[in-house]
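Shown next as structure tokens: one chain only, the form predicted alone.
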């Protein structure tokens, strides 16, 4: 069933995000029949293009991606129109409003607009304010704003940006994007927990020993030097992706199934995360930066990185949740670049269950939630070893959700665009969630100058100090 007709305005249409993620997502929505026939996409950029050149670029981008390698459907590309302007210049927006009205009139769109900011972060304030000042929807129509991260550089800048947004947009029209929340396995976490009697009764401090969250990448910063050096692993990954993932994993059961009830439960959990004082920052935070070797450039040799930069490309944390469900259950979190594997997963390690019939200690029950590159669930539990023995061995129940070619999981942006079009805020972050995550990350960053920055070799597990973080508790990172 098609979504409501709308004008989708893509600010930053010539950038990598549009080319690699948004065009394929829009194409998937189109081929699935979700886009109404009159729906149009208006791309905003500074390059001297016309509609023809713009559409040729879209075709080239889609042919480089799957599943659109053999694109020959002009009904899709005919939806696209181009508008050249400088988004930093206030006067340029007058021509944009005129172009939008012409398109809405010609295609009978009814006034529905979705504005997607895929621009450099420094353009967010001016673009969002101009959009908001012109947002007045007609009777029965909607005007929505989708914003890519980063949402601020710290709590103060995030709060200032949010206040300016709220002057021109109500909260229910602001769709703050964390693309990790569009991944199918993250959405599956709530079903796994709350739709299975097998898991939810034991999802607490009485039964779980500890939790590990790992998002590791084998590549470096690629062409993002200017952005990354002002961000680092704490801002780029921990404040957004990893803490959102943790909130879904550990929050209490929502009071209902509405988007607001789900987001209320996430906020309650995020506010229960214990902030870092100086002592905890020194002992429970490990920051690192990748070196170079004979085949790989070190971080300081990457393009657009200033000499002597102390920006971290690796972060490992020991988090504590101060509520009745999770008190005294440590959460270990790590993320980094130039590591030995491409992997995003959660490992839940249950407490040891003694069994008197075996001389050898049984293994711990372990639940692995795989997010990428494959999506799935791996449950490890104890059984008796076959044969004339009382020995215990571990068995696996491994489900690969992304391995089914008949029912493939939608890509993250496909799901996020669909939900924003539908008006479903469940997978988008509310302001108080962002406020809580920045509060935690700022509690680390205030001690940043006192923390050591450990160097690590490309292709390794990261700094040895990250291993010691768990070893002090008698535990180790589990590369399962």
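Residue numbers count along the first chain shown, from 1. Predicted model only: the values in this text are computed from it and were never measured.
Missing here is the form predicted in complex with a small molecule; even so, the following discussion is about that form.
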key: the small molecule contact in the model of the complex: residue 219, any heavy atom under 4.5 Å   = yes
message = Can you work out whether residue 104 and the small molecule are in contact in the model of the complex, taking contact to mean some heavy atom pair no more than 4.5 Å apart?
response = no
task = Verify the contact flag for residue 372: yes if a non-hydrogen atom of it lies within 4.5 Å of a non-hydrogen atom of the small molecule in the model of the complex, no if not.
result = yes
key: Contact flag, residue 83 vs the small molecule in the model of the complex, heavy atom cut 4.5 Å   = no
request  = Spell it out for me: taking the small molecule in the model of the complex, does every residue among 180, 236 and 241 have a heavy atom no farther than 4.5 Å from it?
outcome  = yes
query = Okay, which stretch from 315-323, 83-91, 336-344, 276-284 lines the small molecule in the model of the complex, with non-hydrogen atoms inside 4.5 Å?
reply = 336-344
ask   = Since exactly one of 297, 159, 79, 224 fits, which has a heavy atom within 4.5 Å of the small molecule in the model of the complex?
value = 224
query = Here the chain is shown alone; which of 149, 364, 207, 271 has a heavy atom within 4.5 Å of the small molecule in the model of the complex?
reply = 149
